[in-house]
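A single chain comes next, written as structure tokens; it is the form predicted alone.
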């Protein structure tokens, strides 16, 4: 039915806190992540992203609050939770003398896959993450980006329904980043719940269905996020005749002192999509041959920067 209720959350975090001595890494985080979606974790260094992921992965116990993964408590039922989720840390810990293939086979065996199934799964994942040419080389020879691909393959070895990914695009070249984005969207379409922490906000913008913003160990309120999204941002406009474009912008009411230029065109501040649509219509009506017209930064980056500025102002 088209009006069916949404799937229950595979990840539910309620008022979770975790400290290390007098360092409050996580103060109060609350959010949900659902099957079929990629949820992004966005926040500056020190906002609690990695500590949160470690708690979800059963590697840290929260001081306060409640966590559920697939309806299970990671504190009281860690073994069951680990079978539900795949964990990709920011830095891969690997067996340096084992080959890529053997590393994946051994990981599969740790999840109780029989030897033939483990070998088949390793071969499947090697192809999936494009490590075929390095399959029989020791993992110590892998580059940072290649280790990231191996780490993702290890997280997928037992076909988990929940994926926790900490900086998965770190070290990847542009082609590999595109391949990662396509793969994660495919995995989400298969019904998995994917939680991604990343500093590459342009990539996350194209990948995530929604985002959870963290600041100083706490979840940023929906009201603040909505306010940040609605603030004025720069839109980049490129036309065949830059001089004619500038004249038309001024004629349309844009303050000339606020028109900036960069190698890709002119950048003007616009308050929202409705105003952007109106300005574009004015330029086309004025006969300007517009080549491109788009936000200069993505939604996540714009929101993150505005929240950061707001937070600095509050302090």
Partner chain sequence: MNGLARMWTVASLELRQRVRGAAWYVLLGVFVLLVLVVTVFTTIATRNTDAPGAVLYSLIVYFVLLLGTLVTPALSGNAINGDRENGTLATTQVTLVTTPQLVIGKFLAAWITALGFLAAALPFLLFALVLGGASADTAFVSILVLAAELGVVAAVGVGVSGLIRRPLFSVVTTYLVVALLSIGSLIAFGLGGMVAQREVTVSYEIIDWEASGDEIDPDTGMPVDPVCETVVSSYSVPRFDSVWWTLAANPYVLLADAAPTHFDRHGNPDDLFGTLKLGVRQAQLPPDVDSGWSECDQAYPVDDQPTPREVIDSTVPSWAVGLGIHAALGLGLLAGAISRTRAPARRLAAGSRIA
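Positions refer to the first chain, counted from 1. Predicted model, so just to flag it, every value in this text is computed and none were measured.
Another form, the form predicted in complex with the partner chain, is not on view; read the next lines as being about it.
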property	result
Partner proximity in the predicted bound form: residue 233 to the partner chain, non-hydrogen atom cutoff 4.5 Å	no
Contact label in the predicted bound form: residue 74 to the partner chain, heavy atom within 4.5 Å	yes
The partner chain contact in the predicted bound form: residue 96, any heavy atom under 4.5 Å	yes
Non-hydrogen atom contact residue 160 with the partner chain in the predicted bound form at 4.5 angstroms	no
Position in contact with the partner chain when the complex is considered in the predicted bound form, options 224, 238, 82, 181, heavy atoms within 4.5 Å	82
Partner-contacting position among 57, 252, 280, 270 - heavy atom within 4.5 Å of the partner chain in the predicted bound form	57
Among 58 to 66, 256 to 264, 280 to 288, 242 to 250, the region lying within 4.5 Å of the partner chain in the predicted bound form by heavy atom distance	58 to 66
Neighbours of the partner chain in the predicted bound form among 106 to 122 [non-hydrogen atom within 4.5 angstroms]	106, 107, 109, 110, 111, 112
